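So this first bit is one chain, no partners, the form predicted on its own, shown in C-alpha cells.
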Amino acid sequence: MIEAPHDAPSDAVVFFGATGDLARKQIFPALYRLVAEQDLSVPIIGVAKQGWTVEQLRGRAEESLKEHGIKPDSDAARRLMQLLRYVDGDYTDPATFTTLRHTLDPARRPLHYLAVPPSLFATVAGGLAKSHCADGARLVVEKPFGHDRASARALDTVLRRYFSEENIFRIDHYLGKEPVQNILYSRFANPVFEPIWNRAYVQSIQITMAEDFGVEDRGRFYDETGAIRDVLQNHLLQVLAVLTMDPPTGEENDAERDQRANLLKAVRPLDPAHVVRGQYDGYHTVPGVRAGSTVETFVAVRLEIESWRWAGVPIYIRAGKRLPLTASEVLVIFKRPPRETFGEIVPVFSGHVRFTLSPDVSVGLGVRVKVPGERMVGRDTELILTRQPGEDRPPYQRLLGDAMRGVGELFTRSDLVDAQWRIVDPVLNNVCPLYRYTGGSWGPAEAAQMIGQDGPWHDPNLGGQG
C-alpha cells in the first residue's frame, strides 16, 4: 500500500458505474460544477460494463446536464467533455484494471469513486490494488456500508486491506447538505443556544423526514433495505449527532467527526418496544417487491443518549414514504417553568427551536405573545429567524471536491459507521411488528401511541408552523 501525501490533491477522477442512474442524477452535474466553479482540469475516467465508447459516455453526460437545466454547449460543459475518458470491462476481469492503469498514466494520486452496489466494493478495491491503481489513491464509497453491524465490519476489514482509513471516504450525502450544515453553524455560532442546549432545559426532541411519494422504481433495492437501513441508520442518526454533539475542539479535520462519534457511541441501542414499523397500502404492487414482503416503508423510534448533557431527554425520530407531504425538520422542545404565571394551559410546542431542512432552510423560535385586551392570555407564534431557499450548492459537488483535497470532515469514519449499526442492530430483520397505514396519512396509529405523553408529533406544514 503506497500512500500519497494526505493533503496532495487528486490528479484524476475515476468513477465506477459510469453508465448508471447515480452518475446521471448526481455525478455528472457535480463534475460540471467543479469544472465551472473550481476549475477542475484533471482526467475523468468512467468505468462500466456496457459495451460503450467514450462518445456514448459523453452523450450520457450531455443528457444529464440537460436534465439539470445546464446547456451542454457552454464552455464548462465542453471542457468537461474533453476531460472524459472511458474504460469498458467486467469488474471481475483483471484486464479491466490493467486498461485503467494505462488510461490513468501519468496520474499518481487518483480518486476512485465506487458508484456501484456494495456487493462489488471488495471486488473493485481488490482489482485496484492488484493493478497498482490503488497506489497513492483515495477511495470514495456510497452507502449502504453493510447490511448490519457484522457485514459492515467485514466490509471495513476488506477495504482497509487495500486503503488506509484516511484515504477511505464514505459518502453520506446528507452531511454535505446545506440545511444540515446550517444546524451545526447555528448551534455553535450563536452563544444564546449553548446554555440551554441540555437536559436541564430541553423537554424532548423530534426529527421528522417525510416523503409524499412511494418507492416508485426502486422496488427491488428498497425491498432489501427498508426505512431503517435506508434513512434512519445513516441520514437521521447523523442529523441527531450534529444536533446534540459537544463543540469540536482543536483545528484538526477530525475534531468534528470525533464529537459526532462520541455522541453516537453514547446513544442507547434501540429497544424493540420503542420502535414502530409501518408499510403503506399498495406497497406489494410495486415492481421488484416480493410477495408478502414485511419490509417497512415507515419507522418511528424513541432514543436516549446516555451522557451528562442529554440523560433523560427522550428523542423521537420518524421517517416514511407516502406521507402527506415531503419535508424534513428538527424540533427541540423546551421545558415549561414549574408554574405557569398566568394560569394558562400551554401547548407542549410553545417554546421550541425548529430547524427546517427541506423543502426550504429555516430556523424558527416558538414563543407565546399576549393577545390584545385586558386579560393576561396569550397565543403561540413562531418567529422565523432565517429562511432561505433549499440547496444552492449540491452536496455531491461539495463532497467530491473535499474528497479530492483529502478533507474528510463531511464523510463517515469507520467508528461512526459501527456506532450507527450498533444502535439499530437490535431491531433489524423484522424483530418488531409491522403495521399497515394508508397513503397520505402520517403513518400507523401506533406511532402516536408510542410517543405518548411526550407528544403529539409535530407535523411539518409547508405553509408555516404546524
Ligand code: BG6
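Start at 1 with the first residue shown and count on from there. Every value quoted in this text rests on a predicted model; they were computed, and no experiment measured them.
There is also a form predicted together with this ligand; it is not shown, and the following applies to it.
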The unique member of His173, Arg109, Arg170, Lys265 whose heavy atoms fall within 4.5 Å of this ligand in the model of the complex: His173
So this ligand isn't shown here. In the model of the complex, which residue out of Phe213, Tyr201, Tyr185, Phe342 has a non-hydrogen atom within 4.5 Å of it? Phe213
Kindly confirm or deny that Arg24, Asp88 and Val116 each have some heavy atom within 4.5 angstroms of this ligand in the model of the complex. no
Contact between Glu256 and this ligand in the model of the complex at 4.5 Å, heavy atoms? no
Touches this ligand in the model of the complex: Arg218 (any heavy atom, 4.5 Å): yes
4.5 angstroms heavy atom contact with this ligand in the model of the complex for Arg138: no
Asp230: heavy atom within 4.5 Å of this ligand in the model of the complex? yes
Counting only non-hydrogen atoms, which stretch in 101-109, 205-213, 74-82, 273-281 is within 4.5 Å of this ligand in the model of the complex? 205-213
Heavy atom within 4.5 Å of this ligand in the model of the complex: which residues of 133-162 meet that condition, in order? Lys143
